[in-house]
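Here's a solo chain for you in structure tokens, the form predicted on its own.
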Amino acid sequence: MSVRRWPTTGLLLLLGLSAAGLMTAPHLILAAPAESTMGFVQRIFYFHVPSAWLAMLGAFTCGGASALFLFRGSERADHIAHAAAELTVLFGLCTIVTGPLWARKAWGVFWQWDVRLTTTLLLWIIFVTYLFARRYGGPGGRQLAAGLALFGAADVPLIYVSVSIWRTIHPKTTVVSTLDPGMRPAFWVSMLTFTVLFLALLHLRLGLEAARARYEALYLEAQDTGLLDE
């Protein structure tokens, strides 16, 4: 029986870069100039935007891998989709927690049914539902979850363009390009660090999935050879 083993060199590199970034980014964030209106609380921006970016990246990854699973029956693609869905839920939760903390200072309330906030919350709910469908959906649970992933991936472009199409109180997508030059190092180091961390977590989760597949294969082989018979 041949089972793919995951290399450790790439993982160690990703973890090392993540650790370096997590140690460097806070210093850059504290050194960045304060925003004139919101002051210190605006620094949530350096965590909120990378979290939102990775939630959307996870959704796209899950949606693409789910399409390969549905139309080509790729088990490896299904493993990638499952791992990406978990990361979408994780970073999506970071987004919908940091967003209201920032909004309380900027808007005076924790939540508004703004189109971008609502579609982001919808994305998170879709991928929570994806995980429940996989676990409790029965024999067709994986296919049902894959269909949900496609729907979730379609929500990502809507999230991005929502601030340009509808009237919204959320900052426009141009906010990054208009950042104060002193804020840019902190922002881009944060984005890079979170992205590398996402890749490291995805790598670890796929390694776990490979170990689970190996265990199931060994269990079935033991059943076939009668080793589990009493």
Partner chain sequence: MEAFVRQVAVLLAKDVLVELRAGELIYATLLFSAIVVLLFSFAFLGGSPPTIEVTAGVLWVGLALAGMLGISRSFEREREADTLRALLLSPVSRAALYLAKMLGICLLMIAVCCVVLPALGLLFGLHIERIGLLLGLLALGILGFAAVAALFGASLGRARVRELLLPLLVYPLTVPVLLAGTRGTYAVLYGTEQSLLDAARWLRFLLVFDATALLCGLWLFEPMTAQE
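Not measured: the values here are computed from a predicted model. Numbering follows the first chain given and starts at 1.
Omitted from view is the form predicted in complex with its partner chain, to which the following refers.
Taken together, the three residues 129, 132 and 144 all come within 4.5 Å of its partner chain in the predicted bound form, as judged by their closest heavy atom. Of the heavy atoms in residue 101, none are within 4.5 Å of its partner chain in the predicted bound form.
For the chain shown alone, residue 71 is a contact residue for its partner chain in the predicted bound form, at least one non-hydrogen atom being within 4.5 angstroms.
Mapping the unseen interface onto this chain, residue 110 falls outside it, with no heavy atom inside 4.5 Å of its partner chain in the predicted bound form. In the predicted bound form, residue 97 stays away from its partner chain, with no heavy atom inside 4.5 Å. The stretch from 201 to 209, 36 to 44, 63 to 71, 23 to 31 that comes within 4.5 Å of its partner chain in the predicted bound form, counting heavy atoms only, is 63 to 71. Within 4.5 angstroms of its partner chain in the predicted bound form, the stretch 96 to 123 places a non-hydrogen atom from 122 alone.
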